[in-house]
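Consider the single chain below, provided in structure tokens and representing the form predicted on its own.
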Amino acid sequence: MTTAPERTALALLASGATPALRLDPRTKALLVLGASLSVMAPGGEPFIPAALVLGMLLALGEGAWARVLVLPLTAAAIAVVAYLLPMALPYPAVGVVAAVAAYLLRFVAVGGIALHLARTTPPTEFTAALRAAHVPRAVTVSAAVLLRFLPTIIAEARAVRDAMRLRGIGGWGGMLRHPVLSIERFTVPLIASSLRVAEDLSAAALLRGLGSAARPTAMRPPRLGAADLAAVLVAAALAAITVMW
């Protein structure tokens, strides 16, 4: 079982091509951490546009053209609900929805950067990079499991949804007519699949030496390069522009 970043890496190796932007996993983690601290902190709303621009630039470097368009459009739609809708409809219920949308906007801004990390970093490279940065093993193992488990569960959820559609019991119509039955038909196979995937991933991790006292050797040792320096400078410039604006 391979993840999307691993399939992308295998495809690139097979074709002999190289991605337009290849950052060290430590740089990607630093960008995600910096964006999270600045955007999620109290009074961090001014940093949302900078985080969105950084997420779009990373998507451009990755060649994820759909994300380049979807990310700003999604943020714009949520911003309309968060800031313009309460001005047009000054009701308490609308205010609650606007407050939720304001927090959701922050997650979207950080999510664009985090998605680049998840889509372009195989768990093995991410683990090797954190190990090279002398990050404690408890953090390294947890982050690697999260990076490996979430994409697999999302793929399993899509498979369950497609199976429901083939049987004619999926979609918004079925959800509205039979909400409890639809949730049951979706969650029960997803939970069973998640348990099976967890066992498979645990076995694969043990075979790869996860938790071993010996220090594993990385086939591709992490190295910082000019692209990493450029990415950090761009992120610092966006933050400086936001502060000085």
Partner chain sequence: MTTTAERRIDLRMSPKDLISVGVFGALYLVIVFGINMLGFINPAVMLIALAASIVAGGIPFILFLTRVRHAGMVTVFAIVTAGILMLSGHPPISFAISVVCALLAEAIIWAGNYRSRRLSVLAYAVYSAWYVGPMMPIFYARDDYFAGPSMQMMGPEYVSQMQALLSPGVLVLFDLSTVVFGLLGGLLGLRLMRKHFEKAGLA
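Numbering follows the first chain given and starts at 1. For clarity, a rigid core is taken as the largest C-alpha set superposing within 1.5 Å between two forms. Remember, it's a predicted structure, so these values are computed and weren't measured experimentally.
Beyond the structure shown, there is the form predicted in complex with its partner chain, which is absent from this document and is the topic of what follows.
Annotated contacts: V96, L147 and L150 all touch its partner chain in the model of the complex [non-hydrogen atom within 4.5 angstroms]. Residues placing heavy atoms within 4.5 Å of its partner chain in the model of the complex fall in a single listed stretch, namely 181-189, out of 62-70, 214-222, 181-189, 49-57. Residue-level contacts in the model of the complex: of A132, I169, A102, A77, one residue has a heavy atom within 4.5 Å of its partner chain, and it is A102. For M175, a non-hydrogen atom is located within 4.5 Å of its partner chain in the model of the complex, even though that partner is not displayed. Interface residue remark: D200 is not counted as part of the site for its partner chain in the model of the complex, having no heavy atom within 4.5 Å. Of the heavy atoms in A114, some are within 4.5 Å of its partner chain in the model of the complex. Residue contact with its partner chain in the model of the complex: A128 places no heavy atom within 4.5 Å of it. Residues from 77-109 that approach its partner chain in the model of the complex with a non-hydrogen atom closer than or equal to 4.5 Å are A82, Y83, P86, M87, P90, Y91, P92, G95, V96, A98, A99, V100, A102, Y103, R106, F107, in the order they occur in the chain. With the core held fixed, V139 shows a CA shift of 2 Å or greater between this form and the one not shown. Once both forms are overlaid on the rigid core, the distance between the two CA positions of F107 between this form and the one not shown is under 2 angstroms.
Superposition on the rigid core between this form and the one not shown places the CA atom of T152 2 Å or more away from its counterpart.
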